[in-house]
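This document starts with one chain, in the form predicted on its own, laid out as structure tokens.
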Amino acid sequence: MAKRALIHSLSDVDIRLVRVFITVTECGGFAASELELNIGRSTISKHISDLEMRIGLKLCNRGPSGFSLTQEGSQVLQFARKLLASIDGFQSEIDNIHTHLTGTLRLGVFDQSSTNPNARIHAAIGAFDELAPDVALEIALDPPSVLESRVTDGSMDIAIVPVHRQSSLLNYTPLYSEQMTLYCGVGHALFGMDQEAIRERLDLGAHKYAGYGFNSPNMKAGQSLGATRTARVQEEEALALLVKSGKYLGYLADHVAETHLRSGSVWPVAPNETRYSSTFAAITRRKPEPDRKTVVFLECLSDSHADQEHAISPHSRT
């Protein structure tokens, strides 16, 4: 039976305990969160116990079987994130009052963004630092669906994602494109085969296919090939490993595949037929409107990619 909650009003201590709870869940346990929190496991355990006592609920299971959230813990986690988003939103509103930009900008990106020659995110970060040197940056690496969700719920200010199914709750600012091609690895039946021969026997449904486990242009492209997805990944690095195993077909960004092509570890599969282009866009919430530092960073992103605007076709923006 749940204990009676002792909390009647939030204090700084309560908010600190909530932050510890969120960090522990994101890290996957007490031991894994020690480095992030910079405190010992016993102290972390006491903080979680204190929070459980304050709210009168058991939040997590810990022991030989590992760390896991209880049903109540999962619900509290959602509320906790909303609470911190509200606090951060208040801080952003205060920051907006100041002429001098301060606070923290929370940015989300998809993996392998740094290797795309079309991506000028680093240039935008440099320009932003010149304009707002006292704004701290937090950068998270997550799948597009997670990034969109975090921008929507306010726990992230801005993110850069491949455009797929656009949400009515978000604004999309196209930035750059990325070419994706189907590849196989050494040992695969199609590896090294002449492209004309591949096209003549282009029955991709007969081969194992690895793709992203979330709605994305990658998922749509895989479905259009008639391929059956037998391996799911969240990051492109994992996808590259599966392709290089020689057992799976999979889409890789051309800039990611370039190194593997030079080493002879991957082979393109009918690129003229399988290649597609994906547009990456910066996303921000429609309501409430982004704060000043987010608007300034969005402007830096737009300016840094201005020379690529003509390369993004209207079709690729949908």
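Here, rigid core means the biggest group of C-alpha atoms that superpose within 1.5 Å across both forms. Bear in mind the structure is a predicted one, so any value in this text is a computation, not a measurement. Sequential numbering from 1, following the sequence displayed.
The same protein also has a form predicted together with the DNA, omitted here; what follows describes it.
In the predicted complex, none of the heavy atoms of residue 259 sits within 4.5 Å of a heavy atom of the DNA. Under a 4.5 angstroms non-hydrogen atom cutoff, the DNA in the predicted complex has residue 47 among its neighbouring residues.
The DNA in the predicted complex is approached by residue 63, whose closest heavy atom lies within 4.5 angstroms of it. Of the heavy atoms in residue 67, some are within 4.5 Å of the DNA in the predicted complex. Residues with any non-hydrogen atom within 4.5 angstroms of the DNA in the predicted complex fall in just one of 35-43, 289-297, 251-259, 268-276: 35-43. The partner is not shown here, and in the predicted complex the stretch 233-255 never reaches within 4.5 angstroms of the DNA through any heavy atom.
Positional change of residue 20 between this form and the one not shown reaches 2 Å or more at the C-alpha, relative to the superposed core.
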